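Taking the form predicted alone, here's one chain by itself in structure tokens.
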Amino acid sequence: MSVEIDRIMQNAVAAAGVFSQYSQERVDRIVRAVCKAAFARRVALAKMAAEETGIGRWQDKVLKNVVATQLVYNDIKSVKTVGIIREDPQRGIVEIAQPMGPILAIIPVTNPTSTVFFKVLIALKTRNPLVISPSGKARKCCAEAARVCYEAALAEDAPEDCIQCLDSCSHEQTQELMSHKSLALILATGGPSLVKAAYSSGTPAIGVGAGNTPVYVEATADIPFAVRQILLSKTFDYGTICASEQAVVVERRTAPALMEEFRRNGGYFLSPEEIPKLEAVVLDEKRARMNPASVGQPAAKLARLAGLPVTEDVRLLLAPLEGVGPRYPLSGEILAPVIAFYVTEDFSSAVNRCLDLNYFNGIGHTVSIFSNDRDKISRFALMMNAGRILVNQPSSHGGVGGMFNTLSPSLTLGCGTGGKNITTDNVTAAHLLNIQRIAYRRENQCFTRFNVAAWLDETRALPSIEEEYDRNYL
């Protein structure tokens, strides 16, 4: 174990010891101050993140910072996280919240400052010291975001080293940190290999899965509204949110109107000959994963690199495809304004196509539907394996929560066991607590209907389990 990693963890453990003694009032004062300070820097840090990473649009990153501060704060500010948090006199159960201990926060390059703000707030709210490990391509903006939060926390008498941000961390050091005996939890937001490493570390982890969100525009949908919402979502920060739409599915009778509406609003449909040209730009040489240089780039730029005859005002590139899977690389997750387009014969085949997409590198994450038919919405939802089933809303914003629905606003979206995660929730402060339960004596009637005294007296002849069960329950 390296001396540096040990020092960081010793500092975090010391901070955890002090933090565990804080009252709810004191914690809430710290969280409020940190939110206020981070919100005040939302624009400057959005610009810094866009400049350092070369990904996305700084204007959209401002909104991400607002979600990660103001919306997250409003969602958690009244939540009890210290001492007795719930009492049920009838059941005789009292729940007590305890902090977990030092948490490692892994930060993705796509949402750097917003993810720092989000993880800092939910960690401080639950009295857990945070060690931040940023993407190598976003170190400066993450360090500045962490500094802003830390100084605001210290000004309200938070424990020293309650927030630490790594200057740099090699692959080996990250592995050391993940498996350190003093680390309580890993909050892993990043690529599949990183999340897998977190789950394999031996330390409890909350990770995320890949998103491959299909959006079904059902026949009863308001077509102009659906197109506006999809464009709002898929072009937001140039497609860098993992809940963004990855494929449009539409029935044949609705397809012409939908295609025309996309064209009218800046959509460009690729010809069969143009699809391989775009694949060569947005995917790596083996067409196995996305080319990092294309992540979060505008549609016009990607089209120009692919040699497509489009104007600078094009907003979205749509690729009509016949199938799903490795033979159709654009049917997977593309974190850019590129989207697959499928025409199906009827409702049943549309749902099946969405299922194909859902299960192709997107299981457990998010699906979306535009429809005004509640029966079909329900039938669609019951078929999908997704933590978030979004109705008539932009899936980037809808998946993150707090804007177009009442899901907890979060920059860490669980995918359940299908996505190899522990939860399907939008991760928030409630997931960072250890809950102790006081259980007062309450006699369970199902149990006391047995002859308990006889069962506890080993000297007496006892009826068989089958006889006792038949007599009392059948």
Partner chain sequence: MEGNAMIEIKQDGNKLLCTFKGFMDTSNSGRVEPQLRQALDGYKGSIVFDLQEVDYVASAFIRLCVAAHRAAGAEGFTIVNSKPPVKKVFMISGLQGMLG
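Numbering follows the first chain given and starts at 1. Note that the coordinates shown come from a computational prediction; the quantities given were computed from them, not determined experimentally.
Beyond what is shown, the protein has a form predicted together with the partner chain; the following relates to that form.
Contact label in the model of the complex: Leu382 to the partner chain, heavy atom within 4.5 Å: Within the cut-off, so yes.
Distance check, Tyr328 to the partner chain in the model of the complex, heavy atom within 4.5 Å: No, Tyr328 sits far enough from the partner chain in the model of the complex that none of its heavy atoms falls within 4.5 Å.
Tyr359 within 4.5 Å of the partner chain in the model of the complex, heavy atoms: Judged by the heavy-atom cut-off of 4.5 Å, Tyr359 is in contact with the partner chain in the model of the complex.
Touches the partner chain in the model of the complex: Met259 (any heavy atom, 4.5 Å): No - in the model of the complex, heavy atoms of Met259 and the partner chain never come within 4.5 Å of each other.
Listed residue (Leu355, Val343, Cys165, Ala197) with a non-hydrogen atom within 4.5 angstroms of the partner chain in the model of the complex: Answer to the contact question: Leu355.
Proximity to the partner chain in the model of the complex, single hit among Ser193, Ser348, Ser78, Thr311 (heavy atom within 4.5 Å): Looking at the other structure, the residue within range turns out to be Ser348.
Region of this chain that lies against the partner chain in the model of the complex, out of 118-126, 222-230, 136-144, 382-390 [heavy atom, 4.5 Å]: Contact-bearing stretch, as computed: 382-390.
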